[in-house]
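We've got the same protein chain twice here, in two forms, each standing alone as structure tokens: structure 1 and structure 2.
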Structure 1
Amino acid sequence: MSFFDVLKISATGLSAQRIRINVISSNLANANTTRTEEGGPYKRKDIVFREILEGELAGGVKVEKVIEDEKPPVLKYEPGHPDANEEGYVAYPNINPIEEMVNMLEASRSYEANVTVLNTAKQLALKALEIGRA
């Protein structure tokens, strides 16, 4: 494993967590969307990660796919809403903002950990160069 492999692995982690944060922010933005182009309420999305293997060593992480949550929508009684059904119920997305915020914090911490790995690798390389000067 070379020095640059550390940078490459951390970069894959940064990229994967950035995509995860984008999906979470989309979920939060659409928490009250009752009408989509496909019809019906917005469906919560989640990320599936996959390990990247290079030989016998781990080479990072990759976003394999973005999946839709198949939980049923939450029905609220609002007879005056334009998207209410004949009984007066409106289908809202099955998004729990608290759960999304916890996922956002976890993704943010993972992103910060990858940045710390990058900075540590950079400091180690600089110290190695100082050894060569002496």
Structure 2
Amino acid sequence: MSFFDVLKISATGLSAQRIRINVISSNLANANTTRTEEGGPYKRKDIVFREILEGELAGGVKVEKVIEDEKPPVLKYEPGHPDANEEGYVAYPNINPIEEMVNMLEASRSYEANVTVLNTAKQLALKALEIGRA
């Protein structure tokens, strides 16, 4: 039944965009983090989407993996900072808040588009139920 497939497809789109917003908010929250479990400053995270082919599920999209941005950290001269190196430079994550905000807007627009698809499919399915009622 095609309508339930559409509902599943837009649900995959919604969850993929939500994961993306999660990653973006983690990037923004850690924009100044200099200590991580692996050591060194926080590395910017990004996610890779992949199309779900028909047969695996109904179709749709999924998050293939979360990748780390290997951009070099930004060095700031702060000799008083506990994480400063011998020359007095502190390595900060290379995160551009404007870039993150733009990505966040894009993700939220895509999320809204998927919500619209879901509502339309729901409305069409209910309309189909009305055939032969009267």
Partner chain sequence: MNIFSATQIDKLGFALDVTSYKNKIIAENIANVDTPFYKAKKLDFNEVMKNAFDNGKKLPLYVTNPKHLMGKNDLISPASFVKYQNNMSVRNDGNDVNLEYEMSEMASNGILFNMLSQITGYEFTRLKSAIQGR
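What we label the rigid core is the largest C-alpha set whose atoms superpose within 1.5 Å from one form to the other. Please note that residue numbering is based on structure 1, beginning with 1 at the start of its sequence. Please read these numbers as outputs of a predicted model, since none were measured by experiment.
Asker: Report the structure number, 1 or 2, for the form predicted alone.
Answerer: Looking at both copies of the chain, structure 1 is the one that matches the description.
Asker: After core superposition, I'd like to know whether Leu7 moves between the two structures (criterion: C-alpha shift of 2 angstroms or more).
Answerer: No, because once the rigid core is superposed, the C-alpha of Leu7 moves less than 2 Å between the two structures.
Asker: Core-aligned, what's the Cα displacement of Lys127 between the two structures in Å?
Answerer: Comparing the two forms, Lys127 shifts 2.5 Å at C-alpha.
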